[in-house]
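Read the single chain below, which is given as structure tokens and is the form predicted on its own.
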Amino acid sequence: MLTIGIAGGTGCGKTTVVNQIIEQLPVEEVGVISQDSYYKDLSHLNYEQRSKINFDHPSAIDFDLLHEHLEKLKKGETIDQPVYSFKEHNRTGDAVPTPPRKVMIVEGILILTNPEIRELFDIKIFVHADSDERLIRRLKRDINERGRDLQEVLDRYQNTLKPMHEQFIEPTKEYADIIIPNNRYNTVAIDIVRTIINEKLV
């Protein structure tokens, strides 16, 4: 199994890069795991308490469970990937059965911050995007898809997202094997990744 980690700041376009990589690969040979599924279970807190959690700090992620699941996949076992609700700031209690594939892509802003998780990746990718562009994308997504209001998103960006990005996410660039500038001209980097994958799949 080839395991690929794709990191980068919020709104950098990781999902777009994931889709570009997998669109030319056989569906049955590629699986995707989202770091967002592994936010810690906060059922012991009420909504107001959960909403104050710093979800952009590595401590918000259940890396132990993610590590356990990646190890199981490498052994050929199917895992139950948790389902997370951004509107509720908590896991839903549901799970998605995720079988092992020849290529497993793990994407998330903080996945390269954890040494044990990093060691499980055969290829580490960092997606880079301009900070203004990332803020615009985050605004659109949080307001349209996650039920947030403008002021809430701006406050969170200024007080949490930006400092957490500078402290934890940006420094993980040094662990990346490939840095992809997320714009319309990133086709060469995507093609290189596809080539590596195809060689591994032979």
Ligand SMILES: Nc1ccn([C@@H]2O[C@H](COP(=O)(O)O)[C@@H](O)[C@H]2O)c(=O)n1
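Counting begins at 1, following the sequence as shown. None of the values given here were measured: they were computed from a predicted structure.
Only in words, not in the display: the form predicted in complex with this ligand, which the text now covers.
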{"item": "Location of this ligand contact in the predicted bound form, chosen stretch of 118-126, 84-92, 98-106, 70-78 [non-hydrogen atom, 4.5 Å]", "value": "84-92"}
{"item": "Output flag, 177, 194 and 200 jointly within 4.5 Å of this ligand in the predicted bound form, heavy atom basis", "value": "no"}
{"item": "Heavy atom of residue 40 within 4.5 Å of this ligand in the predicted bound form", "value": "no"}
{"item": "Proximity of residue 173 to this ligand in the predicted bound form, heavy atoms at 4.5 Å", "value": "no"}
{"item": "Contact test in the predicted bound form: residue 36 vs this ligand, heavy atoms, 4.5 Å", "value": "yes"}
{"item": "Contact flag, residue 66 vs this ligand in the predicted bound form, heavy atom cut 4.5 Å", "value": "no"}
{"item": "Heavy atom contacts to this ligand in the predicted bound form at 4.5 Å, residues of 10-33 in sequence order", "value": "10, 11, 14"}
